[in-house]
Structures are given as C-alpha cells and as structure tokens.
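This document opens with one chain alone, in structure tokens, the form predicted on its own.
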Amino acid sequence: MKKAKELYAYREMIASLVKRELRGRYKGAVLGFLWNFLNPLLQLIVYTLVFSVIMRAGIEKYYIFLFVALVPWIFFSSALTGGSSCILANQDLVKKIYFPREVLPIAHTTATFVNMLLSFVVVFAVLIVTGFGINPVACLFLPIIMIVEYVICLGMCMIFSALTVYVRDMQNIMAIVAMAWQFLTPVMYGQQMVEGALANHPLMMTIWNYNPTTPLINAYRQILYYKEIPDMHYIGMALLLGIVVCIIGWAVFEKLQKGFAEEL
C-alpha cells in the first residue's frame, strides 16, 4: 500500500516519461508517428505473403486471422525487448535524483501499451473496411484482455529491466528470446493446429497452455476473428498468469533495485 501511494505521488513523472518516450520513439523520422500504423501493416504484408501464399496455411482470410494476433504480440515483444533496457537508458536519472525506480518500467510499458491502442485503430479499420465486421458484444471483453496483457507485460518488464542492470547481455538475449517466443505462441497459426500436433504429448501441451501469451492471443482471436465472446477459461488463465507474473516481477525488481546505483 505504501509503495502504491508513493507511485501515485509520482504519477506526473510517469505521464511525463510516457510522453517523452512516445515523442522520442520516432524523433527525426520523416513519417514520425505514422510508423505506429505502418509497422504492423508492413509486418502483416510480409507474414501474409509467406503463410498464405508461399506456405499456404489454408486459413480463410488469413490476413485478418494474423492481424488480430500480431498487434497484441508486437506490444508484448516490444515490452519484453525494449523494457529490458529501460533502466540503463535512464541511468543518469537513476544516479542523480530519488524517485521510485518502478516508475521506469511502468512508463515504458504504458508507452508501449499506448502504441498498441493506436495500432488497434488500424485493426478495426481493416475489419470494417474489408467487410469482415465485428461483434460489438464480444468486443466489450477486449479491454479486459488488454488490461491483463498490460499486467503481464509490466511484470516481464520489471524482471528483465532489473536483470539487465547486472547482466548487460540481457538486452541481446531478450531479442532472441522474443523471436523464439513468437513461434511458441499461436500468432501465425491457430490453437487447433497445435492441439492436433501435440495430441499425444500431454506434457508439451500443458507447457504450451501455460505460456502466458497463449491464452491472451487465443482470446484476442476469439473476439476479433471468430467474433465470439471469449472462452472464460482463456480469460481466467490469462488473468491468473498475469497476477503471478506481476507479483514475481515486482518481487524481483524490489530485491535487485537495491544495487542499481552501484552497478550503474
């Protein structure tokens, strides 16, 4: 409770850091803030070409199937890779003034979350313009899934931003981990395909299901691609994993931040 009150007292600093990161992310770029929309679109084009034309995934309207999962995945991946260096990137601030160090991963995760929300403007535009449509009732569950993902990303950011202060290689390691993690999450293919492939491997299926991004991506896809109210099992599992990851992240950060000044 004491820590929550302290963070609330520094809310203006968090807002300022979020604005700074959003402005600075594409500073000097010709297209500037438009990259928030172009990045997911360009990735969509590449993956659609590979998996629906070259490798032929055989999924109806594959570009929609992919897009509704790709945007939340980009948020997770960015929180993981960029978040790992958020303490190092602000080391002068850490060494000069006192503030709750948790402010930095919170600000980074929030800025990345805002980017995802902006990208969802493109997602809904594509769903409507192409005539694919949406289910308004199912979409009411979307904010819940987004908040759960934010909590998971914040927990991850807490853990790896703290570890990177001590192990600088962590920044490079996380880039590789994020790339591998994408193939262990049903972003480019569906849950049914995995269940078929792992039907005779219950242990591997359990590990797959307890990947925190699996129920998240499945829930996003249920809402936006299948236009269904998401399975409460997915929401419950994602929420439970989110709480666990966030608690672990907070505990790890609290323990490791004591040595930040010396390590930086």
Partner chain sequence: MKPENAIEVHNLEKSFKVYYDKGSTFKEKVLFTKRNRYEVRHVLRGISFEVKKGEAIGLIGHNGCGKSTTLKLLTRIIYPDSGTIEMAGRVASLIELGAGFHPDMSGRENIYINAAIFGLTKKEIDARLNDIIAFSELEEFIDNPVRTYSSGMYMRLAFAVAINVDADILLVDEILAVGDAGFQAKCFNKMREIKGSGTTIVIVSHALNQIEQICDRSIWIHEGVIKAEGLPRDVDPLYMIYMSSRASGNAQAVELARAADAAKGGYNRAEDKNRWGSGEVIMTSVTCYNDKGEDVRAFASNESCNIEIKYNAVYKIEDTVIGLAVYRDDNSHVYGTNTLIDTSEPVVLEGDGTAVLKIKRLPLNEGVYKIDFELHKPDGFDYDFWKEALRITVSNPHQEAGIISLEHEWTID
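Fair warning: this is a prediction, and the values are worked out from it, not measured in the lab. Positions refer to the first chain, counted from 1.
Keep in mind that the form predicted in complex with the partner chain is not shown, yet the notes after this line are about it.
Novice: State the residue from Leu127, Leu118, Val94, Ile144 whose non-hydrogen atoms include one within 4.5 Å of the partner chain in the predicted bound form.
Specialist: Of Leu127, Leu118, Val94, Ile144, the residue with a heavy atom within 4.5 Å of the partner chain in the predicted bound form is Val94.
Novice: When the contact criterion is heavy atoms within 4.5 Å, does Phe183 count as touching the partner chain in the predicted bound form?
Specialist: Output for Phe183 is no: heavy atoms all beyond 4.5 Å of the partner chain.
Novice: Could you tell me if Ala9 has a non-hydrogen atom within 4.5 Å of the partner chain in the predicted bound form?
Specialist: So Ala9 counts as contacting the partner chain.
Novice: Is the gap between Met13 and the partner chain in the predicted bound form 4.5 Å or less for some heavy atom pair?
Specialist: Flag for Met13 set to yes.
Novice: Phe113 near the partner chain in the predicted bound form, any heavy atom under 4.5 Å?
Specialist: Contact with the partner chain, no.
Novice: Tell me the stretch among 99 to 107, 187 to 195, 144 to 152, 75 to 83 that has any heavy atom within 4.5 angstroms of the partner chain in the predicted bound form.
Specialist: Among the listed stretches, the partner-contacting one is 99 to 107.
Novice: What I'd like checked is whether Lys61, His201 and Met205 together line the partner chain in the predicted bound form, meaning each has a non-hydrogen atom within 4.5 Å of it.
Specialist: Not a single residue of the candidate spot has a heavy atom within 4.5 Å of the partner chain in the predicted bound form.
Novice: Going through 235 to 261 from first to last, which residues have a non-hydrogen atom within 4.5 Å of the partner chain in the predicted bound form?
Specialist: Result: Gln257, Lys258, Ala261.
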